[in-house]
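Only one chain is shown below, in structure tokens, and it's the form predicted alone.
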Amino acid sequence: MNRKMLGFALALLVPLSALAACGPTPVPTAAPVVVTKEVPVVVTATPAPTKPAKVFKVALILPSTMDDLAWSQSMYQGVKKVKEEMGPAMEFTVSENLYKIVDAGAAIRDYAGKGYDLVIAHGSQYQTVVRDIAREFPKTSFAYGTGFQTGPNIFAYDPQAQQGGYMLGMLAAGMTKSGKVGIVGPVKGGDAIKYNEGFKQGVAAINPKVIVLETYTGSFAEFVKAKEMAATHMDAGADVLTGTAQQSVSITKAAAERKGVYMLCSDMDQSKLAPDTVLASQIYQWDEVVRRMITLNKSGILGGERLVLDFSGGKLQLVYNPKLEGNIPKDLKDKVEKAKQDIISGKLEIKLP
């Protein structure tokens, strides 16, 4: 190539280079942005040891055995039912056959000294000893019955036994064929005297001509004497018997040994003991009372309340023996039911001397 052509070629390259230099400037790739998220540091503290829930401790003092089919067993089953509901939150201990006040007092004081929350002395005979010991242990709740005198840390429970007694008296007057019925009572006090008075008024409401034979053994646990008195009533013509307290089992057994004799029970249904003899029963719902005392204690109320058992509150119930219920005339049952409703409504009030 000559010098002239080389110059021409160079002249062409210069504009091209200029054009290239005037083109878009490449944009440099931006470096990636890294976002750092702050994660809070969680410090796991060792939990403080939890204090175990306090177990509510109940002690029951019984004058007879827990399976006496009467006064003592009815309360035992009531406390046992509450224990089954509360489970491990409740501790339940029972001491039975403590009819002697001295022995019962020693047991009551021992339970209170061991920190029991509620000590139930199941009998009106324990009233004085409960009152004395309660002063020594002001942080413990005590209970007794049948009674109405309370204290700062004493509950009294009071069955209105005359209500069921009235209805059972109606049954007695309507079912007797001889025109004679018999009562074997323990003592003239507590729910026993209430029951007997109600029973006699119920008899009179149906037939005032029916003769009521009434005796007392002088004790709650005179089993032999109670049976002898029941036999005496039957020998005199009574064909319906009744009675209260733990000795009532003896009355039921005596009635079962005679044909054509009915037994009417209180405290507890004894129809399993004598299915061909026990016609009906008034039963006590003690679990309602025990539940109430525990609730009050936990709220800081250790006593001072009289707990009433009656039909209006459902703490008393009348039950018939299914095997013998069909023997009761319908009109008689209707009269008994009406009396029950009148008692609940307050229309009928059984007067006590």
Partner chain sequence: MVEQLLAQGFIIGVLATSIRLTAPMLFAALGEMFAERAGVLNLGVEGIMLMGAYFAFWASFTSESPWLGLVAGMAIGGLMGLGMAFISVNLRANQGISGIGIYLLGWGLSSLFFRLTFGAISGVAGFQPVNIPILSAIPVLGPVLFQHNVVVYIALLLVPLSYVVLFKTTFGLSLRAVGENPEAADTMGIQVYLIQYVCVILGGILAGLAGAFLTVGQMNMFVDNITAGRGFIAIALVYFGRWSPYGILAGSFLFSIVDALQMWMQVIGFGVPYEVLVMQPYILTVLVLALAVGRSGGPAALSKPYVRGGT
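Residue numbers count along the first chain shown, from 1. Computed from a prediction, not measured in an experiment: that's the story for all the values here.
Unshown form predicted together with the partner chain; subsequent notes refer to it.
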Which residue, M175, V210, L273, M90, has a heavy atom that falls within 4.5 Å of the partner chain in the predicted complex? L273
Taking the partner chain in the predicted complex as the reference, which of D110, D132, E85, E214 has a non-hydrogen atom within 4.5 Å? E214
Any chance K80, D117 and D269 all have a heavy atom within 4.5 Å of the partner chain in the predicted complex? no
Exactly one listed stretch (187 to 195, 153 to 161, 167 to 175, 202 to 210) reaches within 4.5 angstroms of the partner chain in the predicted complex by non-hydrogen atoms, and it is 187 to 195
The partner chain contact at D67 in the predicted complex, heavy atom, 4.5 Å: yes
Using the partner position in the predicted complex, report whether E136 sits within 4.5 Å of the partner chain, counting heavy atoms only. no
Non-hydrogen atom contact S250 with the partner chain in the predicted complex at 4.5 angstroms: yes
Give a yes/no on whether N97 approaches the partner chain to within 4.5 Å in the predicted complex, heavy atoms considered. yes
